[in-house]
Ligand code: PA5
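As a starting point, one isolated chain is supplied in C-alpha cells, in the form predicted alone.
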C-alpha cells in the first residue's frame, strides 16, 4: 500500500498548545458541517469534495484517448489558460515530467506579454502543433487573446480544415463563447462542471488532460486523491491532517502571524507553490482578513530571503513541503587535493545534504521565532501529488470557513477587469 502524507508539527512547540487546538473545535465542527451538509456559504461549489470517488470512468477514458490522439499528430501542445485553468497541470508536469515543459508542453494565456507570445510562436514554427484551450467563459482576456493568436497561427500553418483534430476545448457544458466556438467548429470538448471552481479543478479535465498529454498516469493521481479524501472525513485532528493544518493556520493568524511561506527544497515544486498561493489567496482573502500566502525556493532563497525570515518582523510562519524519497541520485565525488574541504561529504548523495539543509533551516527558523511545520510527501509520484492536492483543497475549504468567509468565490478579482475593459474601450464598459 502506498505511503501517505504526514504532517510534522514539532516546531510549533511554544507557539501552539494542545489547549489552543482544543479551542478551535467549535469552529472546526461548524466548518466541517458547512462542507458535509452543503449548507454553508459557497455550497454550490462543492463538487470537488467527492470528485475523486465520483469521477466518471468514461471521462477518464475520453481524456486518455484525446491525449493519445493529440500526441499522435503533435510534437508540441500549447495549453492555454490562466489561474486555476493551468496552474494544477503546470505544477504536476513541472514536478513529475519537467523535461516535457518547452519540449512537448507549452503554456500560454497566463500573461499579456507580447515578447513571450512572439518567442513562443517562433519556437513552434517548425513543430506540429495542437492546442488545449481551457476557459469556462471563453472571454477571460488573457487566454482569449492567446487562443485567438495561436489559433490564427495554426490556421496559417494547416488551413481552417486542418484545425478540427488539433484543438480541444475545456469549457462550460452549455454556454459561453468557447462553448459556442467548440460546437460551431466541431472541436473535441470536455465540460467544466458548474459546481467546481477553477482553483479546485485540478482533478477535472482542466488538469487531467494536459497531464495525460505529458505522459502522467492520471489514474494514479486520482487514486492518491481518493486515499487522502478517506482520511479527511471527520474532525479528528490526530488523523485528519487537512483539518489540523487548517486549525494551526487559524491559531497562528489570531496570534499575529499574518504571512505564511510555503518553502520547498526541490525547484521542481515551484509551481506547486504557485498553485497553493492561488488556492489560499483566493479562498481566504476577503473581508479585510487573510493570511498572505508567499513562497520560497530553498536552498536558493536562503541566500536572499533567509535573513528576513531569520531575523525580520515576527509576523510570519512557514510550511515546508518536503519529498522524503529522492528520485535520481547524484553522488559527491572524492577529490585528492580537497582544496574546498568537502571530502567529509565524499560518497554522500546531494539529496542527503539537501535533507540536512531542510532540518537545519526548520530548527534555525524556529529558534529565531518562526513557527513552522512540514508536510512530507513520501515520494515524487502522481499518487503523492493526488494526495497533496486533495489535502490542500480540503484544508482551504475548512480554513476559509474558520475565517468566516466564503472560500469558493472571488468577487474582488472582477475589479481590475472592469477597469481594464474601460481603459481598452470595450463596448458596454
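Please read all numbers here as calculations on a predicted model, not as lab measurements. Numbering follows the first chain given and starts at 1.
If you look for the form predicted in complex with ligand PA5, you will not find it shown, but the lines that follow are about it.
**Student:** Ligand PA5 is absent from this chain, but in the model of the complex, do 232, 393 and 397 each have a non-hydrogen atom within 4.5 Å of it?
**Tutor:** No, the candidate spot makes no contact with ligand PA5.
**Student:** Using a 4.5 Å heavy atom cut-off, which residue among 349, 71, 278, 310 comes into contact with ligand PA5 in the model of the complex?
**Tutor:** The residue from 349, 71, 278, 310 that makes the contact is 278.
**Student:** Looking at 354, 165, 290, 137 here, can you tell me which has any non-hydrogen atom within 4.5 angstroms of ligand PA5 in the model of the complex?
**Tutor:** It is 137.
**Student:** Please name which of the stretches 123-131, 266-274, 80-88, 313-321 has residues with heavy atoms lying within 4.5 Å of ligand PA5 in the model of the complex.
**Tutor:** The contacting stretch here is 80-88.
**Student:** Would residue 260 sit within 4.5 Å of ligand PA5 in the model of the complex, counting heavy atoms only?
**Tutor:** Looking in the model of the complex, residue contacts with ligand PA5 do not include residue 260, since no heavy atom lies within 4.5 Å.
**Student:** Is there a non-hydrogen atom of residue 282 within 4.5 angstroms of a non-hydrogen atom of ligand PA5 in the model of the complex?
**Tutor:** Yes.
**Student:** Look up in the model of the complex whether residue 9 has a non-hydrogen atom within 4.5 angstroms of ligand PA5, and give yes or no.
**Tutor:** Residue-level check for residue 9: no, no contact with ligand PA5.
**Student:** Is there a heavy atom of residue 151 no more than 4.5 Å from a heavy atom of ligand PA5 in the model of the complex?
**Tutor:** No, residue 151 stays farther than 4.5 Å from ligand PA5 in the model of the complex.
**Student:** Where, within 36-58, is there a heavy atom within 4.5 Å of ligand PA5 in the model of the complex? Residue list please.
**Tutor:** Nothing in the stretch sits within 4.5 Å of the partner.
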